[in-house]
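A single chain, nothing else alongside it, follows as structure tokens in the form predicted on its own.
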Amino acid sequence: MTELSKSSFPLILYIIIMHQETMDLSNNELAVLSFLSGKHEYVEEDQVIPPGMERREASNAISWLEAKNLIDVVRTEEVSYGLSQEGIRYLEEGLPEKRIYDAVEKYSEIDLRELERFLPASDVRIGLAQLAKFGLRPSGGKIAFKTIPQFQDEVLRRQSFLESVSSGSYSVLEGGLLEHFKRRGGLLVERKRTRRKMRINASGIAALKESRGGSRIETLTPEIIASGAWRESVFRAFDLSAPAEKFNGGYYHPMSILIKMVKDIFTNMGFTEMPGHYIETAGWNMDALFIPQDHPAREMQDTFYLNSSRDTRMELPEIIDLSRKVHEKGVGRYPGWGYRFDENESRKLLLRTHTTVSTVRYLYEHRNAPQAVFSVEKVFRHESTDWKHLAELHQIEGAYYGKNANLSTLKSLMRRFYSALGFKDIRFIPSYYPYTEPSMDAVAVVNGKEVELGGSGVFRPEVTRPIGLRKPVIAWGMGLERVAMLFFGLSDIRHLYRSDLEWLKGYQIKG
């Protein structure tokens, strides 16, 4: 501490005590009050910017003046919409239902597995669900073309609406299209803005008069003390009794709470948790699930491959030979893929892309029926992180192996599971996955919107027979983070892992 500060310390206390005003107002607050004193009507917040003050500073001063009851404030809420990254992609590439319709029209009939040549698997499921509403549904693993006169007009309306949202010229009354796209989820970004207008009240006028219209010192500096300017100045009051926030640590993360909840639901349903491995071979992760070796999901943009010299032949005792036979020649009356199987592709190491590989591994080692198993573990996708995608995420997996494993049983188990999570209004729509047939997606209605929860299906014989399973296997899966977004009311998946103590403290269950 310098000589100046030592000798000045009692003087500083004297200045603070003797020169405080009774009303604790900052210079910015006084400037806003002075600005409003010359207005007779309510003034929009955007117009309340005293000279030399930034918009942010004025807004902050308005909030404090409202809290101190020195101004009257009226609020109105405005809602507008824009396109998400997914919505922009639909605008540029075309709606999934339109792309599928055009492909089917061109080829007259397409195998569902071939649709991924034209658009991503997630778009295939969405497009098929939309086409089903127009009466165009798959049958026997294929979808055949039929003319739907009203379809082209409706798709044109939908595409035009996306363009109008992108340009900001849409109408909320435009044929129910806003509600349509809100129900589809993830295409629109809702922006809410609260507008404030205000006027000074009697207390504010009195406070302004009491301040005598002058500015006050908010920061005491050596220059002010040395010059003696403090003798003629007014100081802003200091509140030394302001309480400090109490912080309590040692709580579970909201995702840990949700994981425990999901595990408890499965356990109460009689399911057994199965283990898994982060690192897998492509043989187990892909080949055993009858995913063709030229499938887009195997490419680097979808899968994290490991640069390793480890010999994995001993880790694939039978699965390579079993998969080769199925991929090249099929099984029973199922023809397989008909290409030359590459054993080197099977030996590649990767970070697992789904937990279904754990189901296949577990049932390969536990072939005695019945088996009811589940897992809630991490999977890895080589994807760009955005509002609904993560490169590292959790997947929920549930599977049942037994003589009564059928589509009806699958629906019953899924309704029971999702109901326990709080999703009561569930319906199922046809879908496509390489390793299940039939396949379906579960859709829930949440706050009036349709939300896709996850996929499911009956394992194909090309998956079950080679590993010695003689009874059917049904399974369903979903992303835990997607459930968490609904559960915690979030619009951005990245918020689940942000370091926001206020949000984290909102879901406290002490450990």
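Just count from 1 along the sequence shown to find any residue number. What you see is a predicted model; the values in this text were computed from it and never measured.
The following text describes the form predicted together with a small molecule, which does not appear among the structures shown.
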Report task. Select from the listed residues 475, 70, 442, 463 the one whose heavy atoms reach within 4.5 Å of the small molecule in the model of the complex. Result -> 475
Report summary line: Picking from 354, 99, 184, 411, the single residue whose non-hydrogen atoms come within 4.5 angstroms of the small molecule in the model of the complex is 354
Report task. Name the stretch: of 433-441, 116-124, 326-334, 151-159, exactly one has residues whose heavy atoms fall within 4.5 Å of the small molecule in the model of the complex. Result -> 433-441
Query - Proximity of residue 196 to the small molecule in the model of the complex, heavy atoms at 4.5 Å - result: no
Query - 4.5 Å heavy atom contact, residue 287 and the small molecule in the model of the complex - result: no
Requested in this report: Please check if residue 281 has a heavy atom lying within 4.5 Å of any heavy atom of the small molecule in the model of the complex.
Outcome: no
**Report entry** Contact test in the model of the complex: residue 381 vs the small molecule, heavy atoms, 4.5 Å
**Finding:** yes
